Structures are given as structure tokens and as C-alpha cells.
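Presented below, as C-alpha cells, is a lone chain in the form predicted alone.
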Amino acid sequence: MPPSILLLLPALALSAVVFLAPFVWLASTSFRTQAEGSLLLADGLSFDNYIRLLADPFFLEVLLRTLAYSVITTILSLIVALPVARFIVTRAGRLKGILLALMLVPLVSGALLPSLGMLHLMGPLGVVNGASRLMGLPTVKLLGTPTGILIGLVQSFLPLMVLPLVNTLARLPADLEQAAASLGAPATAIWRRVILPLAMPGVVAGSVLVFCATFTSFVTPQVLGQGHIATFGTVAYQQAGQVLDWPFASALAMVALVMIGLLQVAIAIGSRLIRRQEAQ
């Protein structure tokens, strides 16, 4: 056996134990059932969990709601991240490193701390409503609403959109906008016809990251939704941690993994087709 393969064996063994084995256990458990009134897994395999998931209107509604939240969060993150990333690349100067470090704070601090911060920010006695009272404006209810959840999701996963865009925009020539402007292109046309097409690799990468993170998120929807709005992640967490229905929770997790995998395959195929057309 070549020495290079021997050096890889510890990493392969660790990956098999940490990633592959739990995934196999999760997939097999999703086809098991529990006897009524018992936490023990029954013998044999069945599709009962998946049939329950597809036949119950509640779970279909939760799935569609989560998909809608994921799409909206991705779009809002892209709208906010494009000018932020462009500013970091072109105007930040010596502050670029500091700004990038600040963008990483929501990621390295975990999902709970930013959600608790947003909880105090958007609560009935929080900063938003306190400022509204001082200005004589009516207060707004954000906690327990889709609006509050979307604000928290965008705040949590915005770095996943900004960082790929910064990486892509940093590779563009510094005088690209000046060249387009010298040819008479207005600012909107420069963004639409020059910057956005060249930034598409970062847009695609950031969109995939934000969509997948939003679809599987459960802390932010649970905290900011106040338990009133169910998403796919919160339902899976409740089934596993409170109802203790591990087989059904495993089926929910498998559906999420399959949908994320299909999304990535579709994007890979689309990107390859686009590159093939451009080559022709």
C-alpha cells in the first residue's frame, strides 16, 4: 500500500466514525417504527414514517412554509450582501479585515446568542419598540411573527452570503466600473450587466449556503417564533427531543438532507450546462 494512502487512513477512519456511521444509523432508523407506548424500536423496516409525513397536511404545510422562509431569506440576504460585499472590497481599505471579522461574529458565536440578542431587540420592551414609543410611533409586534423570524434568519446567515461575494468580487479588476462608466453606462447598468454576471459564482455559492442553513435552522425560528410558528427544523427537534419519536424525526432529517442534496445536484448540473454553452 502506498505511503500516501497510509497517511490518509486515520482521516478516513475518523470520517467514517463521525460522519458515515451516524448517517447510516439515521437512514436505517427512519425506516423503523416504535411500538405504541414504548420507546423501543420495533423489528422490521417500513415506509410508515414517510407515508405519515406525506399524508399529514400539517407536515406538508410546515415543509412549504420552511421552503418559503428559505427562499425569502436567501433573496433578502443577497439584496443586503451585494452592497456590503462591494463596499468591503472597494472602499473598506485597512478596515477590510476588521469588517470581515465582524461579519464572522454571528457564525462563531453560535445560533443561540444572536437569537437571544434579536429577542431583546425586537421584544415588546426591546430597542425597536422603545424607540418607537420615544418618537410617538405605534409599537410593532415582531416576536412570534414571520417577519421577526425572517429578520433573525437574515441576521444569522448574512455572513454566509457576504463572504463568498467578497471572495468573488475581490478577483474583479479594480478599474472595471470606471471602464464601464467611461463607455457611458449608468450605475444601474454597471451593476446589472457587469458586476452581477461576474459575481454569479459568489451569488450561487452564497445562495446555496444561506438556503441550506435556513432550511435546517431550528434555534432561530424556535426562539423568535416563540413556539407559535412551526418550521421543519423545529418540528424535527420537537419529535426527537420532546415527543421522543426518533424514527419519525429521522425521517424528517432524511427528507431535509435529500432536498438539500437535490438542490446542490441541480445547481451543479445547471452550472455545467451554462459553462458548456459559454464554451460554445
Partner chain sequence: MSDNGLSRVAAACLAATMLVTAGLPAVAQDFKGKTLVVGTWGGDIERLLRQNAAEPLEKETGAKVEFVLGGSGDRMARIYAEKANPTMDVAFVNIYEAPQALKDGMVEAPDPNAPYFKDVWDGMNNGCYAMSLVGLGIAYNKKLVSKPPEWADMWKPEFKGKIALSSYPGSEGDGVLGVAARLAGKDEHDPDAAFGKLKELTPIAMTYTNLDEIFAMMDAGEVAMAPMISGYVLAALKTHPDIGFSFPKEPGPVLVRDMLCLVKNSPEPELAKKFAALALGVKNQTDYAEQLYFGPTNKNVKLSPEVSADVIDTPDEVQGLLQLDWPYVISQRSDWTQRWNKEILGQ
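Residue numbers count along the first chain shown, from 1. Heads up, when I say rigid core I mean the largest set of C-alphas that superpose within 1.5 Å between the two forms. If you're wondering where the values come from, they're calculated on a predicted model, not measured in any experiment.
The same protein also exists as the form predicted in complex with its partner chain; that form is not shown, yet it is the one meant from here on.
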query	finding
Listed residue (212, 254, 236, 230) with a non-hydrogen atom within 4.5 angstroms of its partner chain in the model of the complex	230
Contact label in the model of the complex: residue 244 to its partner chain, heavy atom within 4.5 Å	yes
4.5 Å heavy atom contact, residue 125 to its partner chain in the model of the complex	yes
Contact of residue 51 with its partner chain in the model of the complex (heavy atom, 4.5 Å)	no
Partner proximity in the model of the complex: residue 226 to its partner chain, non-hydrogen atom cutoff 4.5 Å	yes
Partner contacts for 59-78, taking its partner chain in the model of the complex and a 4.5 Å heavy atom cut-off	59, 61, 65
Core-superposed comparison between this form and the one not shown, residue 133 Cα displacement 2 Å or beyond	yes
